[in-house]
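Single chain ahead, written as structure tokens, the form predicted alone.
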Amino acid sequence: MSYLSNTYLFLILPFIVVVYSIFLKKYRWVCLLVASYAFFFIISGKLLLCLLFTTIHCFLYGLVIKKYDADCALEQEKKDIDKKEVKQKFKLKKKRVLVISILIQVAILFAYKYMPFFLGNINSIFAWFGSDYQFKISKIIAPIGLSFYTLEALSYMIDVFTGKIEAETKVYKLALFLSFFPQTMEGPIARYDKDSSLFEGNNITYKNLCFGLQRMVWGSFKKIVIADRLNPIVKCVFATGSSYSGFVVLFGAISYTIMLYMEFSGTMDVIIGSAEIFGVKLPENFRQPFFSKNISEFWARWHITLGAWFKDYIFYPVSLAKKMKSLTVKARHKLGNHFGPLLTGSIALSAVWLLNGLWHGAGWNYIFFGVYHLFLIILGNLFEPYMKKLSDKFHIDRTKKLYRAFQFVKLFLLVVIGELFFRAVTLSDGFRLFFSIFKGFTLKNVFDGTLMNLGLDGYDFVVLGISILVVFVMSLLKEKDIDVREKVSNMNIVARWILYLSLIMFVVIFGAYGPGYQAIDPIYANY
């Protein structure tokens, strides 16, 4: 089931909305919690126990930390006590509990998501050394959204430890936070201190209903009209890419990049719109990433909540550790103010991008995906001062449209190459596809009918062209800080509903469903 399935859009969500409206305000959290657990059970069955375990574990962890804080405060009130020593003693106790708790959650994630990959590589090493011993690898089905709610759980634990938030004393609040049904499968990755609207039992207002549905229709447009229509091309090229010319392989990689963006951002629109109906504000996950100036900025705008999680809980702790600070000082002294901090910053970035690659999947192609972007970011950081000097020397205005267009094309191609490896079944397949781009590359394929043999016809390409142009224009307006949603809501009611119904009819008429099309399964639900 996906958030764009008929079951969710026309049965599950409307039913929950009606029941939620009937409940008294102070009990609406019960409705959302039961609905969330029921939704999770429908998709993952008895694996709901994993989510339940994580919830209870987080709750008990918080109570232990809270007790240690209370005991520390009491002991510090005693006479003739070294308060600093007492604080240090309890901090060490809390740190032990934190480390054990993190290891437990990571172990669950590893067992479900990475064990087959790990054992497969061990078996390969044994075979390479001539050993006949092989571990038996069983197929493991992971709970839906495991990677997402695990990161939410870890952020809660760390924030309680650092004192950023207080430990929750009501288990139902943690349960609802970790299981909220609109974000169960694909995020966004929320923080506990920023999700209070979940428990307020807000009324379903006309504005929230309209804005929520408006966002959902827009997401449906991106996913059903564009992403699902590109699916046949992607499947065809990535299945037999080496048999095509370089241009067709590149076209397939570009199609996948657009498909991934439209599917994931479209699903995010449906998720955020669903929550908005209940007055729940979820964090945004996209901010026009293809308008970025460089690859680093791109990843600050794509899957924002994941990038923010890695920045707050991996990059900063590594880069601000005492040993790293000391190394930074030494590196700055020997290498200068630019290269010195870059050295230590690159170490922290390495940890971030290795884990980022692994988070997306257990495979060498995902690890390469992380290393590839790490390399690009470090390279960009190294040469940025020289590029600025070069621009100044030759009087190149980097704010001009021509230069921005060059940046766009460069960035887009770099992203496409990364996504090619991301989509490839294996790392070797990724390299095979990449090198095949440069074999027999010819633009003649645009006109000789080759593109028409990839599962789509001229009608499909016209619909795709118009639809992608609409998304581009909307993104451009948002990039210029023009709030399209507010402007639409302020339109005359007749004009507004003509616009709404036109978009709905466009999705109904031009959506990619029926013979010849196959809807994409939720891509990020597998991560």
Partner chain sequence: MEKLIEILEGLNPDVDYANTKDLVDGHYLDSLTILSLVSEIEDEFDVEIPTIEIVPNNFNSVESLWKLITKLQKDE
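Residue numbers count along the first chain shown, from 1. Computed from a predicted model, the values in this text were never measured in an experiment.
A second form of this protein, the form predicted together with the partner chain, is not displayed here; the remarks below concern that form.
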item: Location of the partner chain contact in the model of the complex, chosen stretch of 327-335, 252-260, 117-125, 135-143 [non-hydrogen atom, 4.5 Å]; value: 327-335
item: Heavy atom within 4.5 Å of the partner chain in the model of the complex - the one residue of Arg432, Arg301, Lys281, Lys89 that qualifies; value: Arg301
item: Residue among Thr450, Asn381, Gln288, Gln76 with a heavy atom within 4.5 Å of the partner chain in the model of the complex; value: Asn381
item: Interface membership of Lys389, the partner chain in the model of the complex, 4.5 Å heavy atom rule; value: no
item: Partner contact for Tyr172 in the model of the complex: the partner chain, 4.5 angstroms, heavy atom; value: no
item: The partner chain contact in the model of the complex: Val409, any heavy atom under 4.5 Å; value: no
item: Contact of Glu297 with the partner chain in the model of the complex (heavy atom, 4.5 Å); value: yes
item: Full three-residue contact with the partner chain in the model of the complex, heavy atom 4.5 Å, for Gly163, Pro317 and Gly345; value: yes
